[in-house]
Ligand SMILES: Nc1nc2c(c(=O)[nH]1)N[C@H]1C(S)=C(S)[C@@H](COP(=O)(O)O)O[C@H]1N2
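The chain below stands alone, shown as structure tokens; this is the form predicted alone.
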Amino acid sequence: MRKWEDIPASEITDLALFLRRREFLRSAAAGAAGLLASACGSADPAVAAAPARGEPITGVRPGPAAFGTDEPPNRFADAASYNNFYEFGTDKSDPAKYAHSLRTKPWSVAIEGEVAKPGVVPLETLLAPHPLEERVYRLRCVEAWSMVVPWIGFPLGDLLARFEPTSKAKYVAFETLHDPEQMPGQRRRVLDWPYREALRMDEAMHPLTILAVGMYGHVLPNQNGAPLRLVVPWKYGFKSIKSIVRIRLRETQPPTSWNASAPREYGFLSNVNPEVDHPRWSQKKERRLGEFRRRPTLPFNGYAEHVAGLYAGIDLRKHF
């Protein structure tokens, strides 16, 4: 049997075709198929028209009702035009302008470290066993803006379990693609590239934590982290790393990009906390894209009932 890393790119199915083919096979067996309807929300006149959507993803089932929100999603134009993705520039509009240079096909992800079954896996092989779900999550960024997005993905914990973490696995580290030709923002020393993020193992295995491959019923746009990104809804947005090429399970706490660059401003945990201000601005209120009013910031971004227990006994003002 060939190893994952020995499979040539020519034999790897295109991601969008793979997602549609999987649903075709499922619907043929079941005799029915459903299309995920795109959601839309309030418009923001300050946000430019978004780029065209990518390939549709069909057959997506609803996520667990307990994790949902009844807040209306932002319109696609908000979420696809107003982004933090410094690999393509530091202005919020830069990713939508310049991310077309990112080549997402073929794509592989290395699973390394404290696992029994490491490997470099083509994305389609990585996704194959995992049914896709729509999960409408709030996303709160450290600059005090927020949005609500219908993500398409699956629990990170389900994927990690396939590779059999060892008893030494205490943290999960993630790494973004490093290729300044494709990601022109990496030519500037804004951060120490490649971009790195990490979670504690219990955070990574929590069912709220997902790997996303789409949003609004379609394959992720490049500027939103195509083809694979993390979504951790109770943490500030920079923890939800984009365009992942490496996942490494570790025994010790790994360095992360913003925490290493500015530790007084960006903690390792980075849970949304209105009681811990950024040194240069308050985190007590936020502005939802599409609105002009500011609303109170919710502890853990409104997910406290699900995740507050992970931090029992921890002073979250000190260990932010």
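Fair warning: this is a prediction, and the values are worked out from it, not measured in the lab. Numbering starts at 1 and runs along the sequence shown.
The same protein has a further form, the form predicted together with the named molecule, not shown here; the description that follows concerns it.
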Item to check | Complete contact of Trp145, Asn224 and Ser240 with the named molecule in the predicted complex (any heavy atom, 4.5 Å) | outcome: yes
Item to check | in the predicted complex, the residue from Ala77, Cys141, Val120, Ala173 that sits within 4.5 Å of the named molecule by heavy atoms | outcome: Cys141
Checklist entry - Does any heavy atom of Trp151 come within 4.5 Å of a heavy atom of the named molecule in the predicted complex? => result yes
Item to check | Contact label in the predicted complex: Tyr86 to the named molecule, heavy atom within 4.5 Å | outcome: yes
Checklist entry - Would Trp234 show up as a contact with the named molecule in the predicted complex if we use heavy atoms at 4.5 Å? => result no
Next on the checklist: Is it the case that Arg229, even though its partner is missing from this view, gets within 4.5 Å of the named molecule in the predicted complex, heavy atoms only?
Outcome noted: yes
Checklist entry - Can you say which of 157-165, 78-86, 120-128, 106-114 gets within 4.5 Å of the named molecule in the predicted complex, counting heavy atoms only? => result 78-86
